[in-house]
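Heads up, the chain below is alone and in the form predicted alone; it's given as structure tokens.
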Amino acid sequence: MADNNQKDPEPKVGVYICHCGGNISDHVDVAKVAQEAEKLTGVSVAHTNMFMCSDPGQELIQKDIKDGKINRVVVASCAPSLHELTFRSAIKRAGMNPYLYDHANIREQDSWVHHGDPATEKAVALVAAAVSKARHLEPLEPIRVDARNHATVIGGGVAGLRAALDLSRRGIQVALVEKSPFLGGRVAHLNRVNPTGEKAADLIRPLAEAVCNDAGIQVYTCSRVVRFEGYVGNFKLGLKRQPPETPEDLAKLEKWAESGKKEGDYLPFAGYYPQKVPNTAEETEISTGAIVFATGFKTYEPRKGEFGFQENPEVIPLPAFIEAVAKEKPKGGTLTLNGRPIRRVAFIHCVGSRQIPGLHEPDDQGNLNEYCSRTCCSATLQAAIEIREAFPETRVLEYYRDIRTYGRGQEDQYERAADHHVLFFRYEPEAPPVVERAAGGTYPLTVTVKDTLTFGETVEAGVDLVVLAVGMEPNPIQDLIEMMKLPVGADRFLQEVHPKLRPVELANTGILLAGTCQAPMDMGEACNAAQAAAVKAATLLSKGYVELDPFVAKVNEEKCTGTGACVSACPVEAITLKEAEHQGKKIQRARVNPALCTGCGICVAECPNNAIDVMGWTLKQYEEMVDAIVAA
């Protein structure tokens, strides 16, 4: 077998073209692409396969490597973001350097946008470009950096607690950073959870106690991250711990003082209180190997006048209603809130969720929440059921666009609500319910809606209370986003690399996601994501070092004159100027920290002397690809 890890003076390229089960071959003449590939300079073999990513497809590549037929690989299939790692791993298992490989995307960039002859012609050109690049590839080695056996979890809600505990149980030292005095996050603001009906306190208390009693976990409440530097395996975080100052935290502490509880106990609708709050501000620094974001969500705040909010005291958001009802003991009659009987209550769904441009009013920053918050329907139905069971003389009306009770056991909530005689009205987004002050009569408010369940009939109902099922929004962490240069989606939640292949990883290596900082989730999903992040972080740190892809900038010191253009252009501050001696003179030359470099290539374009290349994507390789496309 040839030594496939060395630079070969005569590259032998194997081309492997995927049918993708028809996704590609329905529009691209795969056999013709293979025939044309065989004619290209340097190509030794060209094969097709129904699914190149399958075991038989990978074995086909591995056999050709082991037989010495090839020392370079080109795969023409779907987007490299899906299976690049798959093919690199297969190549490595066959004993060949995994970086002697290139990928041609003939699905997303071709068969999904072109049909017939144009699709085939484009596939031929893309494969020719990949082959030309592959012929000039050189063996690369992963970048290895030391990694501290320590992880920092930012956020002390249920996801943060779960991630911290799982990390510690895997032998990783953990720092848990929570901005408020309490642990438990938004789950602590609930009375019971769906669909089991368990008390939120019974879920949060044992989890928080386990975290606080774990010798491998250091808990920092009333703390924020104010400084950040470093890279995967070697991050440094500056923490500032200071007395609570937000109205929400001060209100919770006031309730705590009134309750007479001690440290290490749980206060409903506040959370678990692990330690006394600081009297003065203090700062500390943490050296850590990985960071898990569990910064959670906040509930949507309706604007003034939205469904009568802030204009009528009888209009309140669902979280406030849940807390108020939890204080009332079931009497078998009518619900009473603040001494006022609630004979009829109306719930309005999708407040602050599924907003439509041009129809709904954006917030002060111009944002619309176009996504579904996912948990609101189930939470609203649960509240309706609890009212009907505890206070059977209180009638419940539900105004909804669509009922979305997703998840195991959740659809039963809808059926239970119907069995408890909850009355449903369905409205279109262009004609939402109108909440107005009643001109007279026995109810303070009226709710008017064009009900599509009765073929557009206008229905007016008097009610004592209107409850708004408010959705989720990401917690405001713009300071951390800017400090750490985190990717954010159009919905303003933190953006994972890939929803299926890398669902809890950020593009920033070593920074992971847990829970609702990423997207609306229920508690079970948030805990699952937290456990996935913990496993990923533990795997990353367990060896004591981390291996990174070598696609980073490299400086040609013979050409570098130290202009500093690359330094000012680098978005991740991976390049610095260092003093060096050249022909007896002191000069400045660029130095790249490979652990920080993301291989974006901006420095390559900025350098006036062409003194920088990105390994695996050199200017010479680009030139060869362009020439091949022009000639195809």
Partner chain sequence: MANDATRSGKGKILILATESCAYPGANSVGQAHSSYPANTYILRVRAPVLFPEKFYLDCFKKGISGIIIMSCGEECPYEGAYHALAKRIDRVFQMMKAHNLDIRRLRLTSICTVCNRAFLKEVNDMNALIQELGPPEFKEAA
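Numbering follows the first chain given and starts at 1. The term rigid core refers to the maximal set of C-alpha atoms that superpose within 1.5 Å between the two forms. Here the structure is a predicted model, which means the values were calculated and not measured.
The discussion below concerns the form predicted together with its partner chain, not included here.
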Stretch from 243 to 251, 117 to 125, 148 to 156, 193 to 201 whose residues place a heavy atom within 4.5 Å of its partner chain in the model of the complex: 117 to 125
Site test, 112, 486 and 631 vs its partner chain in the model of the complex, non-hydrogen atom cutoff 4.5 Å: yes
Contact residue in the model of the complex, from 323, 209, 108, 301 (heavy atom within 4.5 Å of its partner chain): 108
Any non-hydrogen atom of residue 437 within 4.5 angstroms of its partner chain in the model of the complex: no
Its partner chain contact in the model of the complex: residue 587, any heavy atom under 4.5 Å: no
In the model of the complex, residue 623 touching its partner chain (heavy atom, 4.5 Å): yes
Proximity of residue 441 to its partner chain in the model of the complex, heavy atoms at 4.5 Å: no
Residues within 4.5 Å of its partner chain in the model of the complex, restricted to 586 to 616 and counted by heavy atom: 598, 599, 600, 601, 602, 604, 605, 606, 614
After fitting the core, residue 76 CA displacement of 2 Å or more between the shown form and the other one: yes
Core-superposed C-alpha of residue 131 shifting 2 Å or more between the shown form and the other one: yes
C-alpha of residue 435 off by 2 Å or more between the shown form and the other one on rigid core: no
